[in-house]
Ligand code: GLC
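Next up: just one chain, as structure tokens, the form predicted on its own.
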Amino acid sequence: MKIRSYKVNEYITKYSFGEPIETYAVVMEGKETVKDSIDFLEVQETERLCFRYQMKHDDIVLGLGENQRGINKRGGLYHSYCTDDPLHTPDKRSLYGAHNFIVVDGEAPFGVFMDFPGRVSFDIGFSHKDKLEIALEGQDADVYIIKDKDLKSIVRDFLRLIGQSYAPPKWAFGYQQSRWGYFNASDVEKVTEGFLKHDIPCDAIYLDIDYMEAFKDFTVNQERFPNFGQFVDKIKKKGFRLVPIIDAGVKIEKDYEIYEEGVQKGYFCADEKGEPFVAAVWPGKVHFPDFLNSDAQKWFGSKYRLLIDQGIEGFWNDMNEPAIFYSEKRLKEAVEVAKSAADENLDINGYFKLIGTFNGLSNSSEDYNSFYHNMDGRKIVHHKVHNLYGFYMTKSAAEGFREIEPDKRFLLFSRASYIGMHRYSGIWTGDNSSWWEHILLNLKMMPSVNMCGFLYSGADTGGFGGNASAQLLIRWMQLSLFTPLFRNHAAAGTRNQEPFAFDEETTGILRNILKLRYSLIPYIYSEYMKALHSYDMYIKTLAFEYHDEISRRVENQLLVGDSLMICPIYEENAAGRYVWLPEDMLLLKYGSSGEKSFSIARKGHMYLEAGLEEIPVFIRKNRMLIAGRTASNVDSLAGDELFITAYVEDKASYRYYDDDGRSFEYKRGGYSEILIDIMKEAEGFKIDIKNNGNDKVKKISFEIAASDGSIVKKTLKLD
């Protein structure tokens, strides 16, 4: 067995098998060494590569980004293959992302990244409780092994390997409202008026496929949305940005510019005969842009200008696994099967064969093996690079933005993804449902996708499919309050789930949640950007900071930034839940009208009471929570006064980060910091503030809790 080995740094070793496809997932290079074996893993080479590891009894396996089941992936079987599946039940083995990174956390922890763009299966104690087996459908791959002292260090090493995460504009940390079914300009205006009338903050309204002309990318239906550029400007003056969807499939239609250009220049994926491959999605028959071809990638990215020139500042890329409803060839075959069955007396076998023929039309492996990419001169079947498609579509968009407006940050996130795409955009977790189980699934996915670099992430709050109850939406919003992407999205035909679509009491509770979100944006943005700069996670499990055996296995509590622990309620009709505290913390509860209460929660197990109208937050020992005044949108945040709640046993320090929220100046050192130290003294607390370049903050008010539960209040003015 020939293995080329590269020492990337003192912690990371790269092993190359065969002739790997360059995925651009990583940014660090290595120096070649000589090695004939791979650390930790037993390797078997046949028609595919297989890696095996004997897990120890106490090993925990974390990672795999956007995937099902628990945070600890042990006991499950997972397929890394971007899949359009809207029914996220526990038995599903793949979703929209392909995130081939795991950490085996035990006595000698290590991380593994399989940089392979085809199908990968991870059998993590499923076939045998103590055996980890990773199988690749091919023989060409780069494998990275990361050895460091602990879980936190290994993940930080990995994040440095794959590069700095995407920074959206600051307005993208505001609340965002979406629905498949905002059919025309009038519908959108009604939604904006609902937010204004009910005094509910919001930054963005989404346009799903309804805004397009016949579901064609980069078009606007002029009957439904006349004078689109003027409409975008009108909505922005009300305080909202519009965020349209872009799909992967390009409609086959004479005189449609995108289609005609793509055919003429050879920018679409081809079938075995070299003709543009034909499949069907929303518009009917489509061609798929060949995003793995650099010329096609640049061409498609340039088309976003058609909407940017009309005032659009954010996009979501969808259906880019790519999703296929049916292919031309296989639909004909299915129709023939149906015709032959028309006069048959179908028994159970015949009936299910007929049903299966049509159910199997969507997202078929046969179709994925039937079209090809031109990777800058190299012809390769799609199946072998399937997991790169959504990544490269989104890379195409991000690089197009840099050509169109070089120093402007656009909102961009995608449904399909592969590791490396995090440098260009965020993700949302796809078509979930209005199920209580999906609040918990959302909670468990967040640290896993953060481990893979996707800091800007969130779920369809309230659930995409199904009908959300008022109680479910409230509890889900209390979780999404802390996720960077905070979007409420629902499918056509489901109950409306805008915050003002329920009874008056529910609307009031949701209003308070969203007002709290805007007051916490100073903390959320500061912690997000610091995580980005330091190659850290914004959302973590307790195991990243606490090393007791209970904390290692807690899967329903999260650390948010450096200061907070959150314990969302995700069970119907629950008025509280059990919580594990690995140390003493300050329990801060926000009430129904914004009032706050404080108490010291002692280390150990506790029952946390929290009615629907209450939002509990735990502040870690010697940490601070930074807040500001709320506003109707991010652009309206004053930023001149900060409110700090701290829990100080001896000394607490906080570095408050801020930047312009619009440009890439942060990459060039263009940001400000306020350094805050609080020291416990015999007579109270001493506060020291150093302002490094922040000219907005004029005053800071403090509420400082001591370990005995007493609260000291102070207000200081900044020079």
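All figures in this text were calculated on a predicted structure; none of them were measured in a lab. All residue numbers are counted from 1 along the displayed sequence.
Not pictured, yet referred to below: the form predicted together with this ligand.
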{"item": "Candidate stretches 204-212, 269-277, 145-153, 121-129, one within 4.5 Å of this ligand in the predicted complex by heavy atom", "value": "204-212"}
{"item": "Contact label in the predicted complex: Glu313 to this ligand, heavy atom within 4.5 Å", "value": "no"}
{"item": "Partner proximity in the predicted complex: Arg241 to this ligand, non-hydrogen atom cutoff 4.5 Å", "value": "no"}
{"item": "Asp431, heavy atom within 4.5 angstroms of this ligand in the predicted complex", "value": "yes"}
{"item": "4.5 Å heavy atom contact, Tyr256 and this ligand in the predicted complex", "value": "no"}
{"item": "The single option of Val648, Met319, Leu520, Leu514 touching this ligand in the predicted complex, heavy atom within 4.5 Å", "value": "Met319"}
{"item": "Position in contact with this ligand when the complex is considered in the predicted complex, options Phe218, Trp435, Phe500, Trp282, heavy atoms within 4.5 Å", "value": "Trp282"}
{"item": "Heavy atom within 4.5 Å of this ligand in the predicted complex - qualifying residues of 226-248", "value": "Ile245"}
